[in-house]
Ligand code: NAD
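Only one chain is included here, represented as C-alpha cells and corresponding to the form predicted alone.
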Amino acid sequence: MKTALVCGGGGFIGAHLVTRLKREGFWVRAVDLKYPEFAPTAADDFIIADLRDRQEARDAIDRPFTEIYQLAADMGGAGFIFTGENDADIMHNSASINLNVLEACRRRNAKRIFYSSSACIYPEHNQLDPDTPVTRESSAYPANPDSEYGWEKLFSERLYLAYSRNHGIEARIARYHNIFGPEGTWTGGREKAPAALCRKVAQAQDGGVIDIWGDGKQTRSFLYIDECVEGTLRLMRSDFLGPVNIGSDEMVTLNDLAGMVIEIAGKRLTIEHVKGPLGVRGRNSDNVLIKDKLGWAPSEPLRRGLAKTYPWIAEQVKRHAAGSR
C-alpha cells in the first residue's frame, strides 16, 4: 500500500491534503501540535507531536514513506508576520522543524519529500509597484524578503536543496501564494486577507462599514485550496525539483477583493481604510515555469473560490456569536 506522511496535518492545507491522499488510496499518517480545528481528520494515524523536538520528529518519521509532505510551520497572516513581535519565534520554530524533519528523513532513508515554501521569499524591491510585481522563480536572488518569515522560508529552501545534493533526498519545493478556502483560520490574527474580509463582511450589518489596512490598492493573488492541493500533488509526482510558484495569476487589489466578498454576501457596505501591517505593495504568481515544467497551472477564478468560502465563514461567525451569548 502507498503510504504518506503529512507534517502539519492539523493545519488548513495539511488537513485538505490528508483528505485528498485518502481518496487516492494512501495510508496516511498526520503529525501536528493539534487536530484539525473544523472537521475530523481523515488520517489513518494522527500523532500529536512537536516537530521542533528532534526525538519527536524521529518518532513520527519511523519508517520510509512513499511520500512525505512538510507543511508544518509557525505562520499566519499579515497581522502576525509583519508586526515584528513574532520574528524570533517564527524563525526559530520553523527552522527547527525543517532541520529535524530532514535529518529524520535521512536517517530513515525516506527519499521523496515536498516542502511548502512561500511567495514571501521574493525580494521586497521587486514588489514596490502594485501593478508590475516580479515573482519569477529566478528573481529570488539577490535575496531581500520583506519579513523574517520570508528569510526563514528562503533558508529552508536552500536546506532542502542541500540535502538533495548531499544525501540523495528527492525534494520538491513549492512557493505558495495566499491559499484560502473553507476550514481555514478565519479569526485571531493569523488569518489571511480573504478569510479576514469574509469575516468582516459577515459580521457587518447591511449599510455598515468594514475596514481595510492601508489604502486597499495593494495587489495580491489568491489561490483556492483545491487547486493548491492539485498543484502540490502534481509537483510531488513530477521530475522537477523546483522551487516553483503554486498560485493564481489573477491579480486584484484588496479593494477589489473586498468588493467581490460584499457582492457575494448581497450587502451594502462602505470600506474604511485604516492603519495596519501591510507587507509588500504588490504580489502575483508568475506561472510561466509551472506551465512549462508541469503542463498545468491554476485556473479557477477568484470569485468562484470566494463564493464557496464566504458561506462557510459566515456560518462560523454565526455559530461564534451564538456561543458567546
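Bear in mind the structure is a predicted one, so any value in this text is a computation, not a measurement. Numbering starts at 1 and runs along the sequence shown.
Below: the form predicted in complex with the named molecule, not depicted.
- In the predicted bound form, no heavy atom of I264 sits within 4.5 Å of the named molecule.
- Contact between D50 and the named molecule in the predicted bound form is found at the 4.5 Å heavy atom cutoff.
- When contacts are judged by a 4.5 Å heavy atom cut-off, Y176 counts as touching the named molecule in the predicted bound form.
- Taking non-hydrogen atoms only, W186 never approaches the named molecule to within 4.5 angstroms in the predicted bound form.
- Scanning Y224, Y122, Y160, Y149 against the named molecule in the predicted bound form with a 4.5 Å heavy atom cut-off leaves one residue, Y149.
- The contact residue chosen from I97, V244, C198, L254 relative to the named molecule in the predicted bound form is I97, the criterion being a non-hydrogen atom within 4.5 angstroms.
- With the named molecule left out of view, the stretch that reaches within 4.5 Å of it through heavy atoms in the predicted bound form is, among 236 to 244, 129 to 137, 176 to 184, 200 to 208, 176 to 184.
- Contact residues in stretch 8 to 44 (any heavy atom within 4.5 Å of the named molecule, taken in the predicted bound form) are G8, G10, G11, F12, I13, G14, D32, L33, K34.
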